[in-house]
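One chain comes next, on its own, written out as structure tokens in the form predicted on its own.
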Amino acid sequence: MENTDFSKVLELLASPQTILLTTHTNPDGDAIGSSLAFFWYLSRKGHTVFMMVPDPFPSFLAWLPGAEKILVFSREKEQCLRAIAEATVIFSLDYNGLDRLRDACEPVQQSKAIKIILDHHLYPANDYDMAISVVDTSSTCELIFDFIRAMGDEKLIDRTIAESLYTGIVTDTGSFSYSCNYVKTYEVTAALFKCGIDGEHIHRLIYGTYSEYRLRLLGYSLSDKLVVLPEFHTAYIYLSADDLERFQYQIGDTEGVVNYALSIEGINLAALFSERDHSIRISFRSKGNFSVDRFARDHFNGGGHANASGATSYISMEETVQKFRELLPQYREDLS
């Protein structure tokens, strides 16, 4: 699959379409932000637009304008199937292969709609008719900004769209602490502030509305569930289903926890293992040149970015952690 010039997509959207915007399982700020920003933009251009996620998104993103319009496949299956059936164009936003849609994958694959990927992750799959895939950018939200600008419609970016775009950029860069060494990212961010957004307020809504239980879960993760392996410059945290239940886990409560393990001096690889939905969700983070995207692909059928990736394991927690630990000796030099 070759990368598609913006112009081919622009030509397709020159006439009204029924568009379905999809994003990946366990949707994050960039997934939801890009979906909402694109929804408002395409709707204003005269298209009929639906949004769909495979499963619920974190409550700290529910304040974004239009969030209540997002269909959740796991709880609104019939509505989602109708949206898939009616779509003439389906966009994949912030993910690189239809398998990331979980139970919604097969219906989308079977759809005769034109399928377009708009994403910034490595190694896009050959699932698409058109591809806008740009790895060297901070976020899918930044790509959405580029798309709107390429359409000559930057004037349509109002505060509503800008808030969604900024949310995706700020969350996918860890508040501008990684994946942000691009001058253009800051130029785009400055343009969003000119639309009237309040960066401090958005930061509070995303990072300053934690529940008591989320903070207690974080404390427990660090005091009781953090394992440091200095000989491999590695640290990991493991949370069982019982651990999550004890702290009344809600979607998004483990967001960012893996970064605390990576913040330890001398640690170059960090992992978070959390048991949910009869599987083990894994978040990998790294510093420097160690690619957790390759590590996740080679050993856990996952992937993402060079320094931030994820995977899902369908063996037990004990077996998953043991597998992880047994892999480390072969990477000793790479992690030093």
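Note that the coordinates shown come from a computational prediction; the quantities given were computed from them, not determined experimentally. So that there is no doubt, residue numbering starts at 1 and follows the sequence shown.
Quick note: we don't show the form predicted in complex with a small molecule, though the next part is all about it.
Visitor: With the partner left out of view, is residue 96 within 4.5 angstroms of the small molecule in the predicted bound form by any non-hydrogen atom?
Guide: Yes, residue 96 sits close enough to the small molecule in the predicted bound form that at least one of its heavy atoms falls within 4.5 Å.
Visitor: Would you classify residue 309 as touching the small molecule in the predicted bound form, given a 4.5 Å non-hydrogen atom cut-off?
Guide: The answer is yes: residue 309 has a heavy atom within 4.5 Å of the small molecule.
Visitor: Does the small molecule get within 4.5 angstroms of any non-hydrogen atom of residue 100 in the predicted bound form?
Guide: Because a heavy atom of residue 100 falls inside 4.5 Å of the small molecule in the predicted bound form, the answer is yes.
Visitor: Should residue 35 be classed as touching the small molecule in the predicted bound form when contacts are defined as heavy atoms within 4.5 Å?
Guide: Residue 35 lies outside the contact set for the small molecule.
Visitor: Considering the small molecule in the predicted bound form, find the one stretch among 35-43, 64-72, 51-59, 277-285 with heavy atoms no farther than 4.5 Å from it.
Guide: Comparing against the small molecule in the predicted bound form, the contact stretch is 277-285.
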